[in-house]
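Single chain ahead, written as structure tokens, the form predicted on its own.
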């Protein structure tokens, strides 16, 4: 393995690990706030217990996310020094703002965790709202950096040096609106699906559990709202790629030749040598509709660009297909759930064992789509680290032996992953023998 591949692999593993905790930090606070709000509105102790359990999970995931995020920040400087040397003045603002949002999130999370019965209920609820807002804002600021790497703006080059830096133009790069929106919705939907699967498993074990029923209702609503919006944002993202990142779109669709009325490719394996795609299903003109809004619109193919500037087409295409397939299944699932709710809304429970079983099966699809989407974003930009200005090979550190830290950090992440699962199981998902949270039952007994 070359040092360049080792550096890229280490960054990919670190980002793939960290993003799981980053999206949890964006989405979980909203769920715990909704649960507490329902408790304050109804007086139902189960909602309070649910908010406390989710808050514990948020704290555990936040702590690990803080560690893995710190590792990523060091890796940027140690593995990619030339990138930070040239891009630092342009990406420093969003990174600084992200740090500020992170500190706010940590402060208010502390208030939320230890403020139960110590501060006024509304103050406690507002501290949770602050955690939810800070988590989302933090993610948006980091996305602004990646957006700039995909569509760099806010500077000009003079004799190989960056001059006339405009940090706000760099912050609001062309990719920022669609990428930030897509990322926020991906966070809510992916986390909603994994939490939905956990509580579906709980309901399969204890069908009468009010704890899991309440939790299932909250996160299913988030999935029901977020999934269709994610599909819509994906449509805007496709149009953005067609306008600003045509190479990435062509690689994602394995479109080798420029076509008017280009078909959408489903599945298949691209053969770069023959510039053909095998075993694929074509939907006539649909790619032109998605990319341009016109069935006869022209979509640029890879032939328009030098082959040495093509990203790894098979990787990008397969990742894109995985992301889209997961999104379609998730959309069908929430539509099925909405239909069940409409038909059985007057019943005591609108879910059945088949639907709960399906919820368990589709639970990981959101996170799989999330990881696949980042593969499309990052690998689809290659060979550039900053598209059109700096190649990845030119930004890597000259330090040799990079496979050693890559191996060490991979093992560290594996250990951390096991620890996180164990902690979540011990502190968040424990239940009483009857299937209801023990503290919720005790609190309910104390109510007059």
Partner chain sequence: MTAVEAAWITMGVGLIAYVLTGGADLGGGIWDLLASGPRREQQRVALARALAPIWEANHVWLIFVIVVLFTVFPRAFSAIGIALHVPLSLALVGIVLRGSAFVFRAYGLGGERERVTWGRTFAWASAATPLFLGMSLAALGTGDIDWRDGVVWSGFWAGWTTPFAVAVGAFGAVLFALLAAVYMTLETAGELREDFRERALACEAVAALVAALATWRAAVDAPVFFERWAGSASIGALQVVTALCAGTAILALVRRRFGVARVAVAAQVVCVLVGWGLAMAGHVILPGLTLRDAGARPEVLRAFFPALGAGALLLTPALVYLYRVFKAR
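Just so you know, these numbers come straight off a predicted model, no measurement behind them. Numbering follows the first chain given and starts at 1.
This next part talks about the form predicted in complex with the partner chain, which is not shown.
- The single contact residue among 108, 333, 201, 141, judged by any heavy atom lying within 4.5 Å of the partner chain in the model of the complex, is 108.
- Taking a 4.5 Å heavy atom cutoff to the partner chain in the model of the complex, the contact residue among 63, 40, 393, 414 is 63.
- Not displayed here, the partner chain is approached by residue 123 to within 4.5 Å at the level of heavy atoms in the model of the complex.
- At least one heavy atom of residue 56 is located within 4.5 Å of the partner chain in the model of the complex.
- Interface membership of residue 99, defined by any non-hydrogen atom within 4.5 Å of the partner chain in the model of the complex, is confirmed.
- Taking the partner from the other structure, the partner chain in the model of the complex has a heavy atom within 4.5 Å of a heavy atom of residue 165.
- Look at 209-217, 165-173, 364-372, 244-252: in the model of the complex, residues with non-hydrogen atoms within 4.5 angstroms of the partner chain sit in 165-173.
- Each of 85, 95 and 399 places at least one heavy atom within 4.5 Å of the partner chain in the model of the complex.
- Applying a 4.5 Å heavy atom cutoff to the partner chain in the model of the complex picks out 113, 114, 115, 118, 119, 123 from 112-140, in order along the sequence.
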